[in-house]
Ligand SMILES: Cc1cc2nc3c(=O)[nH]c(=O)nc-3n(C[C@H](O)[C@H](O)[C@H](O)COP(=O)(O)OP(=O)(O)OC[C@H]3O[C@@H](n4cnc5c(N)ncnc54)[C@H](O)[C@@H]3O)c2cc1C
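Take a look at this single chain, the form predicted on its own, given in structure tokens.
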């Protein structure tokens, strides 16, 4: 059915693995070159003294997206991973101490609505009904590539037009259904997945909370990084090869075409097609000569809009705790918090933060009677004038004090047995994330669909892009979809 090709993939993150799985299953010769000693990129594990953390993603949502990728590799998603559906999606704690527990079960959720947000349930039912259609139609639009402006003139876009709502913000769309600002926040914090404020994020992305409410949130036994581990195994079973600790120094080009790779040791790998699964701006600047990428020269890259960064704490804790798997803690002024990150570009002193207590679901992640506590704090990316070498320890101390003040773990500072920190500087220097912008290019209207870097790179033939910096965008389901789109484009070329 397909002409067999030699495929060279740069990076063994989820997008590259997804593309590789599909292409290997279709009979192509697939090699992945990964500079680190393990697969996964930001979807890799951090293992320290018997504790296992996910470095990056901790939410598994939109299961059909994963199932589709696995089916294209001849596999059944539910049989390849040990999947645990969470009964409580997450617990939100507001600055005034009020809790809102978001249940997957709608009967339990209604009880919580009546307790915390009386009178809002009818709005929720309207929101759910509208977003069921919106999400189905928008997802259909995200599954196709946008290589030319003519891509907009298709039946899927026309059918979805009134639901895309990109001209409005997330908070504006939510105001059509809800009165309470706190309730809107529970449907808006997901804009953080895109590294944006919900007052700026396009209203298209109110589909994110709907995906959680409609399809649930899952956890993989052993950690969310199991996704990359399993995909790597499947790729190898399909005949693909993964070369670990093999850094790519440049993409080889000739007469406007990508023809292969040059590794750090000087070895050249020739290929019919090249897939770049790196951070977008980092890959452009480090793997291609500027004359090979006129659409994304250094001036253009500098003018593009990038997401926020994150300050991360990975804590191995003595003891176990009765709090949900996922927890979001808002500060006293959430909008001010987000403005500090995106506009003022200063370190929030009363930050919102996310805390994962994964051992309440999965005891394999820590020794007996211990816990892994994962903390994510959105902060400005490295375009801000913040000296992280100077601020790292004091900001760590601030976050620890906030955990003791605002969570059930009142003595966490005395219980820490293992501790690791990642700052925006570490994201840049250790994981090669441009400006430490962990959610990649921002999802502004000016960087969506055709206006986002294309899956088939326009400036060079035979070069394809996957990952959060290309279409459809950041987040595990969409990153996997970028791999599927690239695989289909290669297979049909």
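It should be emphasised that the depicted structure is a prediction, and the values quoted were computed from it without experimental measurement. Residue numbers count along the first chain shown, from 1.
Not pictured, yet referred to below: the form predicted in complex with the named molecule.
Heavy atoms within 4.5 Å of the named molecule in the predicted complex are found in one stretch of 389-397, 87-95, 304-312, 162-170, which is 304-312. When the named molecule is considered in the predicted complex, residue 59 lines it closely, a heavy atom lying within 4.5 Å. The closest non-hydrogen atom of residue 185 lies beyond 4.5 Å of the named molecule in the predicted complex. Contact check for residue 441: no non-hydrogen atom falls within 4.5 Å of the named molecule in the predicted complex. Proximity of residue 55 to the named molecule in the predicted complex falls within the 4.5 Å heavy atom cutoff. The partner is not shown here, but in the predicted complex the stretch 20-56 reaches within 4.5 angstroms of the named molecule through a heavy atom at 33, 34, 35, 36, 40, 41, 42, 43, 55, 56.
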